[in-house]
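The chain below stands alone and is given in structure tokens; this is the form predicted alone.
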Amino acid sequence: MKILQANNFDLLLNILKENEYEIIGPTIQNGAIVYDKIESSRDFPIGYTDKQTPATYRIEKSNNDAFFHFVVGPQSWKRYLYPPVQKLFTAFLNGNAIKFEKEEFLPIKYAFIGVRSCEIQAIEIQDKVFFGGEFQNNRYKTLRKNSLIIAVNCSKAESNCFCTSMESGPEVKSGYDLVLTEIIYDKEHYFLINSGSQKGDEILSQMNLLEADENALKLGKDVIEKTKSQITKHLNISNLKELLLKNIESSIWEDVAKRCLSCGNCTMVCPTCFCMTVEDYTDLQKTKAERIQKWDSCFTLEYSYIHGGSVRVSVGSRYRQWLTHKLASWHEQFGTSGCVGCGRCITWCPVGIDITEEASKIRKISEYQNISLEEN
């Protein structure tokens, strides 16, 4: 474990640039902390923190100059690995012949800096979706293989975080190339930095940093333990898959539909959702057509459309599809939950619907029904 002084953070950034990485990290834009291109340490949200509750997000000045004293915002890293809009190909009409031109793809070497433990788990879940089986998304796979993950141990939690329930945080334990722990103690401000891969070793070897002493290591552990103690939201995942699939006809779904706007915000901010649609565009001369892939949402009426109409007509059926897929049938498809406990869907739901509360209602109904059966 090495020590990188906060006032020397640009050393890391410069080495990444020398290794031809395009650096992506947290920045402040339009009143939110979002991921964008990083040129220097000045681009980070230094001295800012966030406040999140259901349907509420605010950033404000903090009482220190921390680089990463906030939790996840409205964006996830999937917007770089799995862009929201991608052109697949263009078709040209030349006389009676049609020529197809595949969209040129230039692989980028991304260095993602500030990746949280829950987000690493989300990326690994999408790895299973896009190249973990028979069918491969080569564009995603190439970007993923070229990417460098510089993770950060969380130094705070907000009220919507429930990563401890999903065993996805707040401590980064795997899946990283480099991991940082930010330490602000007394008048000291530095980062513990450690490698987790060969690529990380290569970057770290170019930095010539001092080894961390026992006191620094203890302070790093204290940061993680303090963050764990701040997590107050929990989800009991024991037998949750079976409980949800047994209660497909529960009245809970129509109850939540009275509040749900079917806006799709939860799916747009979710780091694991991957629904997409394909649209074709033709010019007025009908000589050129483009096929575009775009993010979509299972909350839209058109998403479940087949010949004759949509399968999921009611809002309740669409919310049921999302929640049961995320917490239940995802296990059958990919061998893991589709939720990492980041809490984004709770923060960015306009009416503050809480996935942990809705899943807990199903458990309570099932327990009540079992008690009633035993009494009878």
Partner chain sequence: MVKSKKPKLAVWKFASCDGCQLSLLDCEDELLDVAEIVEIANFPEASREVKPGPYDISLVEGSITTPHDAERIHKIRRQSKILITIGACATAGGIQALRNFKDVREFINLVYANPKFISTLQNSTPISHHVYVDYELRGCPINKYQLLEVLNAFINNRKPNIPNTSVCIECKRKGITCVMVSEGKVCLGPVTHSGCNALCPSYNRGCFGCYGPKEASNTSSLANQFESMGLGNYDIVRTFRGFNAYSDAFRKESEAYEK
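Each form is matched to the other, and the largest set of C-alpha atoms that superpose within 1.5 Å is called the rigid core. Numbering follows the first chain given and starts at 1. These figures come from a predicted structure and were not determined experimentally.
Only in words, not in the display: the form predicted in complex with its partner chain, which the text now covers.
Q: Does its partner chain come within 4.5 Å of any heavy atom of K37 in the predicted complex?
A: No, no contact at 4.5 Å.
Q: Does any part of A66 reach within 4.5 Å of its partner chain in the predicted complex? Heavy atoms only, please.
A: Although its partner chain is absent here, A66 would stay clear of it in the predicted complex, with no heavy atoms inside 4.5 Å.
Q: Can you work out whether E211 and its partner chain are in contact in the predicted complex, taking contact to mean some heavy atom pair no more than 4.5 Å apart?
A: No.
Q: Check W348 for me: does it contact its partner chain in the predicted complex (non-hydrogen atoms, 4.5 angstroms)?
A: Yes, W348 sits close enough to its partner chain in the predicted complex that at least one of its heavy atoms falls within 4.5 Å.
Q: Only one of G220, G200, G175, G264 has a non-hydrogen atom within 4.5 angstroms of its partner chain in the predicted complex; which is it?
A: Looking at G220, G200, G175, G264 one by one, just G264 meets the 4.5 Å heavy-atom criterion.
Q: Quick one: of L204, L192, A257, L243, which gets a non-hydrogen atom within 4.5 angstroms of its partner chain in the predicted complex?
A: It is A257 that has a heavy atom within 4.5 Å of the partner.
Q: With the partner removed from view, which of 115 to 123, 224 to 232, 268 to 276, 145 to 153 is the stretch that lies within 4.5 Å of its partner chain in the predicted complex, judged by heavy atom distances?
A: Among the candidates, contact is made by 268 to 276.
Q: Looking at its partner chain in the predicted complex, which residues in 310 to 325 have at least one heavy atom within 4.5 Å of it?
A: If the 4.5 Å heavy-atom criterion is applied to its partner chain in the predicted complex, 310 to 325 yields V315, R318.
Q: Would you say L93 moves between this form and the one not shown, meaning its CA shifts by 2 Å or more once the core is fitted?
A: Passes the 2 Å threshold, so yes.
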